[in-house]
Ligand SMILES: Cc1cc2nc3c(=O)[nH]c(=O)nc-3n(C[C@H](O)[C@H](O)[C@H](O)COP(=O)(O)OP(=O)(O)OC[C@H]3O[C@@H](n4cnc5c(N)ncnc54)[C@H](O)[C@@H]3O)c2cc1C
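Given as structure tokens, the chain that follows is alone and in the form predicted alone.
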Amino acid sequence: MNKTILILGAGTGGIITAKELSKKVGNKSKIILFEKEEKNVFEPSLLWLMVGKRKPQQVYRSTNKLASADIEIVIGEIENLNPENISVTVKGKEYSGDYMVISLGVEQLSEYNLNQYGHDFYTLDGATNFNEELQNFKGGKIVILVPSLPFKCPAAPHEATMLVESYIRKKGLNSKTEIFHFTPESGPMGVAGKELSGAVRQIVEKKGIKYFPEHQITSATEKKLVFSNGKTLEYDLLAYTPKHQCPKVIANTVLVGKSGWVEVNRNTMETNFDNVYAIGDITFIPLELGKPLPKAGVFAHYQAEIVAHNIAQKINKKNDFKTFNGDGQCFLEMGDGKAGYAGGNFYGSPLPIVKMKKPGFFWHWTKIWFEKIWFFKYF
């Protein structure tokens, strides 16, 4: 008897899960992939979009292009989710399954009325609009702001600042421009360890960027930011990360623990409900140092492969199960056609074991190649 697999969310994790299952059990299952957005944005490319290295239409594809003989696409908001009977409701229609994989990512919203004064560069429109203002920029103060924690892709705000600095310098505006980066973090990418965090901070500050960690915004106006330590700054152009929280449709279920996120077995990504898994940004996985596993697409990717493999093993009545071991990597765009590359094991004990390769042109072109492969392979 064929099995039905419900995959919630067509981000990195959901796409990988659906495609892997299609290859492994496509003839023995019905795969339904649910997604609220018709435009499927490759989010790493938004950084290039905000500095004019990409045009909007280059960074997304139609979600419906993910459909195949084995994968059904359902576009719409999930209105209700029941992990006990493995069902979801979209546009009033209930879908039931034998397995469920929750990969809904995070719900994003603007705080402190920042959407009125700046640009959320984690969105297609925000990155596009920031670039339009940047092209007309003649000098002044540019701020890249992190208003709250956690946020996905820990490297992204630092990459954004360095890409903007490179753009400004190439336009000959560096003598007329100051670039500021404010964040509540104690240092860049702190979960990866003090050595890597210190190295990234040094790279940022050597570019003349004014970096201010441990700065929590408390209010904003059209041209002014106020922080909890009393510091204020008048600015001319603002880009910011949105607040990240658990999607309401999940937050209201018994899947969510005290962390405010879906808590899972960190090796198998299983929830407390049989045959219900959660992967990616929506999960909370504590590490030994007391902080959670960062929210990053690379983890969703690897977790999806593990979950797809293990579901296929169950469907095929085999028991060669695999586990997620905490490995992960990321690129760090630095501007001027260069990038860094950091990777290692975040389940390391007592601390994550993460190292950064020497920055260079190779890693930048590797990231470009990864973008091209992603669109070619999945769309």
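Given the structure is predicted, the values throughout are model-derived calculations rather than measurements. Note that residue numbering begins at 1 and tracks the sequence as displayed.
One more form of this protein should be noted, the form predicted together with the ligand, which is absent from this view; the next part is about it.
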Among the candidate residues G326, G340, G335, P44, which is the single one with a non-hydrogen atom no more than 4.5 Å from the ligand in the model of the complex? P44
Please tell me which of A300, V262, M100, I142 lies within 4.5 Å of the ligand in the model of the complex, judged by heavy atoms. A300
With the partner absent here, would V51, E165 and E185 each sit within 4.5 Å of the ligand in the model of the complex, counting heavy atoms only? no
Can you say which of 188-196, 263-271, 216-224, 101-109 gets within 4.5 Å of the ligand in the model of the complex, counting heavy atoms only? 101-109
Residue contact check: K65 to the ligand in the model of the complex, 4.5 Å heavy atom: no
Does at least one non-hydrogen atom of I78 fall within 4.5 angstroms of the ligand in the model of the complex? yes
Using a 4.5 Å heavy atom cut-off, state whether F130 contacts the ligand in the model of the complex. no
Examine A156 and determine whether its closest non-hydrogen atom to the ligand in the model of the complex is within 4.5 angstroms. yes
Even though the chain is shown alone, can you say which residues of 223-243 have a heavy atom within 4.5 Å of the ligand in the model of the complex? none
